[in-house]
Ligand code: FAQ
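One chain is shown next in structure tokens, namely the form predicted on its own.
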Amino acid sequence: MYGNAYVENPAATNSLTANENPIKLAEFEARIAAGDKIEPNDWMPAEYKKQLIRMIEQHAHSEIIGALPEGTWITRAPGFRRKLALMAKVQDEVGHGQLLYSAAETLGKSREDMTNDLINGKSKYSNVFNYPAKTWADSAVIAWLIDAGAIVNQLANSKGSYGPYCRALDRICAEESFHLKYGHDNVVFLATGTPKQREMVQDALNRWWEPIMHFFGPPDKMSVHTEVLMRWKVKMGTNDDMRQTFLDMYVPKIWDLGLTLPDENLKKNDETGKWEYTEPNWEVFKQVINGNGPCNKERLAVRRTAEEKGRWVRNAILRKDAKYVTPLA
């Protein structure tokens, strides 16, 4: 999953289940506690379904939109081998989007409605894909650290309660491991290369660090629904826990390459075992999530154009417009 969209909702947690049948709710929560998987035809609370649709749809959009900043570097990737690898990665990301749209459709929302909500700005996607990939080093940092953050979230949520989403995540995580190795290889090559290459990757890391810290979503204290969503195993870790896991796994790797991070306060507290850091600017995060980031309009314009230009193909496949369909023999 690519991050967590900011959703401002003042409702109290206990209001999420106020209108549910208490007997069915108790049976549902007992199944969750026992580790059962919930399937599409099973009874589920309305809020469970709503939050799953939001989460899976957001994840699907993020996979599709996430292919755009990297896709622009396919023709400019240094060397044929890296071009092939990047093409394969972008193809995987689009395929992941299709898997996730299929999982979301099992909850009753059509792919057409999800697409329309995306291009109309109603549905969200991860904040990190609203920033420009200015250099080849940006592509490398995205492939390594943003995909690393995604894997942290996806591995956790693959153990969640909704069967179709978990099965999709199992397949996605297997392919993401390739993306992680590809990105790490690119960063290592630049970090151990010429002074100019090293300067380029350090500059990219400096620019991407705050969006990466934003990636896991706002601090837990800003969330009113975390407790019940964790209990229902819609989320398998809090935003703060996922951020700590990422820092624990990847900050030492970054430092091992001799690269620095633009946060003088970043350090691990030996007593608590937790990372301390400068809190990123959450107002910037909210602005980006709500459509006012550096590349929001550009990303949605590309997606809208693709939807419009591809309509005749979809119509032909679905036989909605006879003039595009070859008559059957």
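Quantities reported herein were computed from a predicted structural model and do not represent experimental measurements. For every residue, the number given is its place in the sequence shown, counted from 1.
The same protein also has a form predicted in complex with the ligand, omitted here; what follows describes it.
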Self-check item: The unique member of 161, 239, 186, 115 whose heavy atoms fall within 4.5 Å of the ligand in the predicted complex
Solution: 239
Exercise. Just one of 213 to 221, 77 to 85, 245 to 253, 192 to 200 has residues with a heavy atom within 4.5 Å of the ligand in the predicted complex, so point it out.
Key: 213 to 221
Practice problem: Examine residue 104 and determine whether its closest non-hydrogen atom to the ligand in the predicted complex is within 4.5 angstroms. | Solution: no
Quiz item: Though only this chain appears here, would residue 229 touch the ligand in the predicted complex if you measure heavy atom gaps against 4.5 Å?
Solution: yes
Quiz item: Wondering, does residue 54 line up within 4.5 Å of the ligand in the predicted complex on heavy atoms?
Solution: yes
Self-check item: Partner contact for residue 233 in the predicted complex: the ligand, 4.5 angstroms, heavy atom
Solution: no
Quiz item: Mind checking whether each of 59, 146 and 165 has a heavy atom within 4.5 Å of the ligand in the predicted complex?
Solution: yes
Quiz prompt | the ligand in the predicted complex - contacting residues of 276 to 314, heavy atom within 4.5 Å | solution = 285, 289
